[in-house]
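Two versions of one and the same chain are coming, encoded as structure tokens; call them structure 1 and structure 2.
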Structure 1
Amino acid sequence: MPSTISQSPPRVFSELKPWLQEHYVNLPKRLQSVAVFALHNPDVIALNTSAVISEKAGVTPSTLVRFAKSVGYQGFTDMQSVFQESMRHIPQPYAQRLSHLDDGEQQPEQTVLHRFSQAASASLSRLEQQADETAILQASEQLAKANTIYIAGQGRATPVTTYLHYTLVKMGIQAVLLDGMAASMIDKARLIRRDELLVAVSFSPYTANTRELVDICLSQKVPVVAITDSTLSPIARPDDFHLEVLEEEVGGIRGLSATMCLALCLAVETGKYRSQNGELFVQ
């Protein structure tokens, strides 16, 4: 019989993902699959009956109840109310986010510059404290050994992939940025060889196309290094190298300070490894 997590779970969805990520390893395998489905499909949990949800998740309704109780909720309905709150977590139009910057909750002296600077500082501090440096070195070694590095990411990940590509190329490392139409990117991914590598970057609510590229590469035994915001992310797999980075947000707007720092560290460690083997040419 699965043990129940004693600590009370969050009552708001914005706190649920990091909380559940921390307790994920304590859940039985079957309930871990429910946790992953729930966090990848919060709208399904929020808007449907337990019968519909269980069918989509491939489990029984009783398993949903068992999951809810195992993580500390009184029952499925209690847990569902938290996911219903998640509907407010769906990305809002930027006009609405901008209005939230002046919602009156902040001190008048807290300018936009101050608030984003504080958020960037907090994000970088978390990265320094929580980043797995061994994982960064292992991922960098994989990049250094690859004949060609392919880089993919869309939406908010685009500045990260562009910067990573630029840095690697300036170091004389063969790198290709996968962009363009989804069908074209998928065709290119199918041509990546096992002596090459894919770097995939994606953040919540995650890009389906990036996930598909990861699926293709892993199915072809191509190494994958993923940069994402959770170990429960759909591109953080047991058979890839995944690095986690979280960004503080201001009024629903998230920066990329810590993510850019992580990408730079990954590139520099890759360059150091190649340089030590006499393979680096800095332009």
Structure 2
Amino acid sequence: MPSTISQSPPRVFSELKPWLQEHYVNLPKRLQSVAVFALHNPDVIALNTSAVISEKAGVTPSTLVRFAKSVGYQGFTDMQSVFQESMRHIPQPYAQRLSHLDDGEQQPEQTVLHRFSQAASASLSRLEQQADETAILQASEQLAKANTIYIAGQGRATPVTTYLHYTLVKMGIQAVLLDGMAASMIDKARLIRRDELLVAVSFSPYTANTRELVDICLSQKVPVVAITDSTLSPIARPDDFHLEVLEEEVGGIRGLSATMCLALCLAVETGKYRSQNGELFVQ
């Protein structure tokens, strides 16, 4: 590999990124994986020893040193100082209380990204603290036992249904996404058997279509798992399973970060239940 030390190596992290973008394809395999790791984990590079870093990156210390030299640094220590410099300019996040972003107390210079990521973090904290983990396990048990899982939701719930479908299928679990015209969905819902299951996802303002699908399934004794934002939701029935997740609202807009996390957990627990109970399905 041709050396590049004819020019000065990047002395700031923000210059290292484009440098690697340009030279990445010319690096050997192992050095490429170091590059990816370094770009994705600059704090790990800045704060650990070469032994720790190389183990996390899946290479050896000598490969780490070789990577540094390939960029033009004198050694690992020279490169590490570049990462450390970039950390000196990051505002320290310690002891910052989460305050409600929508109560008008935020500083005017807070960016949209800051407000939404703080809201998302708060939503995740609420999920972790308030979620009924027994309910998640019971719901995942129901999903695991179903022959086929049907998934329905509209509007803001659509990314959730898509993701749940994608993740379940990735785990080799038979799942069908109910989408398209309302009449068509209702027709399909009428055909769901009792050994199958419906996952319904709906948030305020609730869509009548999803509620109707739930009504149909319950009247046919088809089990239903609901993902919704409140016990008071029209799809949360006392006689079936429901999981609650409420996203923080910023400027009248709610995100989906906590809901995606919950959907992922539901899919993973379902996969675990299947693998632990020997119910394997040929895919």
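What you are looking at is a predicted structure, and each value in this text was computed from that prediction instead of being measured. Residue positions are counted from 1 along structure 1's sequence. Here, rigid core means the biggest group of C-alpha atoms that superpose within 1.5 Å across both forms.
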Open item on the list: Please identify the form predicted together with the DNA: structure 1 or structure 2?
Closed with: 2
Open item on the list: Taking the rigid core as the reference frame, tell me whether A157 has a CA displacement of 2 angstroms or more between structures 1 and 2.
Closed with: no
- [ ] Verify the C-alpha shift of S257 between structures 1 and 2: is it 2 Å or more after superposing the core?
- [x] no
Open item on the list: Please determine whether the C-alpha atom of V245 is displaced by 2 Å or more between structures 1 and 2 following superposition on the rigid core.
Closed with: no
Open item on the list: Fitting the two forms on their rigid core, what distance in Å separates the Cα positions of K29 between structures 1 and 2?
Closed with: 67.2
